[in-house]
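In structure tokens, one chain follows: the form predicted on its own.
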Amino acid sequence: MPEDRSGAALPSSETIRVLRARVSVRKFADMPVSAGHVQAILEAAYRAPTSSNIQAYSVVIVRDKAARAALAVATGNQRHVAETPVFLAFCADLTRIEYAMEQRGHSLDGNNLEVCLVSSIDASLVGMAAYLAADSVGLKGVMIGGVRDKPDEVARILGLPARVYCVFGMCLGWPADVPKQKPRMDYDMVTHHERYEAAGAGAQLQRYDWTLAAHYQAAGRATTADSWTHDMDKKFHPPLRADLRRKLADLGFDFG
């Protein structure tokens, strides 16, 4: 049982236990996910916080095999995207805001960073709430950020109109294989009290490198001794998705 620094047991609940046990699952049993399950999950998720009640999100439920196969290619040939029973596309959606403004003689043309951020955050909050709701009934899945590799192609596959882009996707199904939980950074490394404290970050990251390397080695996965910092440098140099801003602007989102 998790304890605080004094050795006292930390408070717990079913929600806390679900989150503490969360893992990403990429292999699914050959079992359908009912429409009722998806509706229950999404109706619960739509109660997630939304900035000023703008509700600037939409979710596209994808079951069609050919569409999932196309999405798998567009997201970097991720096999689980094609094999998942249900793919949920969580989208930032400005169309309803645009309608409200146009009815009053205004326009979203030249929209700024703020409206792009709040709509993307809205979609993200709904997505995490959906994952938590799904996990609570035994469904598992994995988030797919690869939809932003080719956001224009994903928009075409999903039939997204202008002012809508897919922030991330989610594979969802009944698990066939649940991997061992990957270690996270220490609580004290990512938690600050009153003011941000950067002292000791290098040593903490080195310890996390070793911890993550041991996890991967135990799972038979090739890695390096400096596992996390090595992977982060490789992921972000050269810059990731360098043309993303232009492509999102083409879809009606001006992150400027």
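Since we're looking at a predicted model, the values are computed, not measured. One-based numbering along the sequence shown.
Heads up, the form predicted in complex with a small molecule isn't pictured, but that's what we're talking about next.
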query	finding
Option touching the small molecule, based on a heavy atom within 4.5 Å in the predicted bound form, out of His80, Lys140, Lys150, Arg163	His80
Listed residue that, although the small molecule is not shown, lies within 4.5 Å of it in the predicted bound form (heavy atoms), from Leu88, Ala123, Ile144, Leu71	Ile144
Non-hydrogen atom contact Val23 with the small molecule in the predicted bound form at 4.5 angstroms	yes
Proximity of Arg104 to the small molecule in the predicted bound form, heavy atoms at 4.5 Å	no
Contact label in the predicted bound form: Arg96 to the small molecule, heavy atom within 4.5 Å	no
Lys182 within 4.5 Å of the small molecule in the predicted bound form, heavy atoms	yes
Segment that reaches the small molecule in the predicted bound form - one of 222-230, 24-32, 38-46, 52-60, heavy atoms within 4.5 Å	24-32
